[in-house]
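This document opens with one chain alone, in structure tokens, the form predicted alone.
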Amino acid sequence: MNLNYNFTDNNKKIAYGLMGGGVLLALLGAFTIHEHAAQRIWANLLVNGFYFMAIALGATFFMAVQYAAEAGWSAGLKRVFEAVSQYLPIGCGVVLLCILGSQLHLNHLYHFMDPDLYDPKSEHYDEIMVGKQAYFNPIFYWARILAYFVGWSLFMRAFRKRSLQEDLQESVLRHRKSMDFSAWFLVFFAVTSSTMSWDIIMSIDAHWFSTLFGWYCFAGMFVSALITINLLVIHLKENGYFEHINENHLHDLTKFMFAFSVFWAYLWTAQFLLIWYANIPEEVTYYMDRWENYKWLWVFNLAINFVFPFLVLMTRDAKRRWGTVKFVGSVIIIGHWLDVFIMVMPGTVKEHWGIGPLEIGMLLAFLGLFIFVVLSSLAKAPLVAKNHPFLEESKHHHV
């Protein structure tokens, strides 16, 4: 059994090529934009920073769930979860840069950071924002943001550290400590995953609010993480690794992917229908902006992220075919990037949007960086957590 992943020169060239080519394409796109170029660049930075951060956070959550549930089937896949999670500090750093840029008025991504909104003498005075002033108080806001990023990163690093220590010395006690630790993480995640979505994404449209928004962001985050894990496992299998992983593991991963695609669609529909039916002015503005300026993209978002995977992955056989899963996963992972795009762009650039060289280039650059970090992490430790107490159960997994 090949226990170590070889991050080959070809794979490094792919990652470097995506990063370099993406940066050049993004620069070309930036120089060809004549209006609102700076705001559009910052908005795309936030889209990609948040999207890939969310994938890493979703993988960390999935890993913690496996520990807490004492799941045996996934023990042989643990290093994949860990590798994807290693991107989390980088993603947090990019999002932090976007928020800091807005605080320093280098961009206008976050309208609520304008001090004139709270000044009764200013022509920009906003009574609605005054009502939310306590929540958006800079000290309180930044304390929350730093708590999210530092907390998640520390938990992620602790999971990784304990996992590598377990390789050196077999210890059921160490594994039990990881289980206890995962329970604490899940409590922290349960709160911060929702409040993070309010502070980073929903606050872009600061007048608007939705009680379902935290769940909606979580569903998109988790589906994207599951797809990434699935594609990475298939990549490893196709390159001669993971002999102990079989079609039953792939089936279970794809069942999660399928189920949470449906869950995402349920939340998308529930949020939209409740707001549409109530027809309250301060709530419908969120959808009116997307309907007027992003109509085709907004409708396509639902089709690509729900209708397509639902129809293709419905059968048992489809969930076990590598080619089918790779194709569907590659399509809907782009679809969920579009979902984040639709959440960010209307509130930041309004009708001055587009999907051109800037957007494609920046996506490719971040994708290259993400691939480099994840594959580098895979190469730094054995692919199989050899002393995991449930490893034998994972090797004989059958459904």
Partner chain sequence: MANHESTVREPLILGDKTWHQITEDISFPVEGKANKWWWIVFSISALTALYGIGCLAYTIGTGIGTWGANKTVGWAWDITNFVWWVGIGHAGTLISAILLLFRQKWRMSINRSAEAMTIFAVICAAIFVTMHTGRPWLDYWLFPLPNQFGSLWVNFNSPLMWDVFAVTTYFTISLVFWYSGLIPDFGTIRDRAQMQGKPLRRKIYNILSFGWSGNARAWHRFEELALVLAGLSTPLVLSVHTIVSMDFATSIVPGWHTTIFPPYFVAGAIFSGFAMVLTLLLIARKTLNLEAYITINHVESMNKVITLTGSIVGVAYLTELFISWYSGVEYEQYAFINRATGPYWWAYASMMTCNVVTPQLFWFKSVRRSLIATFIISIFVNIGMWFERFVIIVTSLHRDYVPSSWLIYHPSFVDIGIFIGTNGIFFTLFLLFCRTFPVIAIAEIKSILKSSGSQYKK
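Fair warning: this is a prediction, and the values are worked out from it, not measured in the lab. Positions refer to the first chain, counted from 1.
Form predicted together with its partner chain: not shown, discussed below.
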*K177: touches its partner chain in the predicted bound form, heavy atom cutoff 4.5 angstroms*: no
*4.5 angstroms heavy atom contact with its partner chain in the predicted bound form for L154*: no
*asked:* Is it the case that Y16, even though its partner is missing from this view, gets within 4.5 Å of its partner chain in the predicted bound form, heavy atoms only?
replied: no
*Does its partner chain get within 4.5 angstroms of any non-hydrogen atom of W215 in the predicted bound form?*
yes
*Just one of 324-332, 118-126, 68-76, 290-298 has residues with a heavy atom within 4.5 Å of its partner chain in the predicted bound form, so point it out.*
68-76
*asked:* Going by heavy atom distances of 4.5 angstroms or less, which of L231, A206, A158, V312 would be at the interface with its partner chain in the predicted bound form?
replied: A206
*Listed residue that, although its partner chain is not shown, lies within 4.5 Å of it in the predicted bound form (heavy atoms), from S163, Q86, S210, S102*: S210
_Sequence-ordered list of residues in 181-197 near its partner chain in the predicted bound form, where near means a heavy atom within 4.5 Å_ = A183, V187, A190
